[in-house]
Structures are given as structure tokens and as C-alpha cells.
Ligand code: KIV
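Listed next as C-alpha cells is one chain, alone, in the form predicted alone.
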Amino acid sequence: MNIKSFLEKKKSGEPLTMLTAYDYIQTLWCCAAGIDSILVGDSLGNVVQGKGTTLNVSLDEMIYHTEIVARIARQKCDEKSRPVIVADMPFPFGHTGIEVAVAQAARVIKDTGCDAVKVETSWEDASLVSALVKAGIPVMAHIGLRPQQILNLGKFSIQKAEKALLKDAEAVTDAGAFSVVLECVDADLAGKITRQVAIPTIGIGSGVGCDGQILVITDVLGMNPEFVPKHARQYAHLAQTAIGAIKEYVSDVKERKFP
């Protein structure tokens, strides 16, 4: 897989598969399963650090986790099957000037070996996307529900503003983004956006009409016993398995059955 493969899959009608991953083991699992792309998401603030939002995740933390994922993907997959590695740019990326943003994104590419960056955007950020692409940095845009705007939004909800979202999608397409994440966009609207823009759409909580889907790996694997997002589907229940195994270990140690 590479950046051009995204557009090829949209043209062929083959859905794109994406998951988040943050470490060595998760990357091994994704590579072994044949995932198309891995996002090293700033969602690590929630699922790795246990924080309520993504706002406190730093650039250095993103670089740390992305370097692990990109390195393991290179080591464990041949070039043809290696997933495209995308790094989230953390809050407040792009809001301290385009020159600073380009320098930060370039640092991520150089220090991690990832293939692209993901940027939460609207039509107002088209010049930022264009500047990154012009600098040689592939951009996955992110519209709809934008977690980095949670202080302004107040709560997470389905996004239905058709005129605004179509404008956002067309703007990032024209600016050179190679794909766009649609988060929690009304399913019918997400399908309309997908048909209208030339680049692939990657949905999360946005229905089946997108060109691909992404979920957080801990949700897919059932790793958090306390929370499952409404839009996620659990394909395993690793938390239950792990807790049961640890309980058995504790019991064996106490009863001197181990070692």
C-alpha cells in the first residue's frame, strides 16, 4: 500500500480498511491481519493515557508512538503489503501559523518514517493543507466531528450541516488532501460527500456509504471494560480474557501452584 493506492481503491470500489495503533504489539496484529492503513491517533490521550480528551497530547508523544508503529510496520511487512502509516497532528496544530505547522509536520515525517499526517480541518484550513502538500507532506484531512474542538462543541454529536460539510470536503480535496476522514457525519450525508468528492472518504460513525472505515483498535478488540462508543463494534472481548487470566495467575501464586 501507498498513498496512490487510496485513490485506486476508491476507483475500483474496494473498501479501505484502517485501524488506530499505538505500539509494537498492536502494529504486529494489524500487519498480520492485512490492514490497509494504520492511524497513530491522538486518541492515545484517551485509550493509552486515560485522559478525558485528546487536547493534552503533545507533539513529542505523537512522535514517540508513531516512530514505533512505522518502524515495526517496515520490519514486519514487505513493501507491497505494508500498511500506510498516518500520524495525527495534535492540538493546536495549524492554529499557530502555517510556517510553524509545516515545520512540525516535517519533523513528524522525518523523525518517525510515517507516510502522511492527519489534520482536523474545515474549509478555512485549505491554505494549511495546500502548504503541507506543497512541502511534500501527504495530508489526510478530518472533517465532521472534530475532537480537538470539543471545548467549543461542548459534546460529541452527529454532524448534519450539509452545506458546511460539503464545503469542507470540497475545499480539502481542492487543496490536495489524498483522503478525508468523516467522523460522526449523518450517514446519508456521508454517502453524498463520498459520491461528490474525488478523494476517498474514511468513515467513523458515518455509515456504510464511505469509501473505507476506521475504528480505534481498543474498541474493536474490546480492551476497555468501562466504555464502548456507540459507533464501534467489538470483534473480541480481550478485557474479559485478560482479567480472567490475571485472576487465575493471582490465584495460582497465592495457592503456590505457580511457579
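Predicted model, so just to flag it, every value in this text is computed and none were measured. The first residue of the sequence shown is number 1, and the count goes up from there.
Just so it is clear, the following notes concern the form predicted in complex with ligand KIV, a form of the same protein that is not shown.
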| item | value |
| --- | --- |
| Per-stretch contact check against ligand KIV in the predicted complex, the hit in 25-33, 192-200, 214-222, 64-72 (non-hydrogen atom, 4.5 angstroms) | 214-222 |
| Ile38 within 4.5 Å of ligand KIV in the predicted complex, heavy atoms | no |
| Any non-hydrogen atom of Ala116 within 4.5 angstroms of ligand KIV in the predicted complex | no |
| Any non-hydrogen atom of Val139 within 4.5 angstroms of ligand KIV in the predicted complex | no |
| Contact of Val181 with ligand KIV in the predicted complex (heavy atom, 4.5 Å) | yes |
| Residues within 4.5 Å of ligand KIV in the predicted complex, restricted to 56-90 and counted by heavy atom | Asp88 |
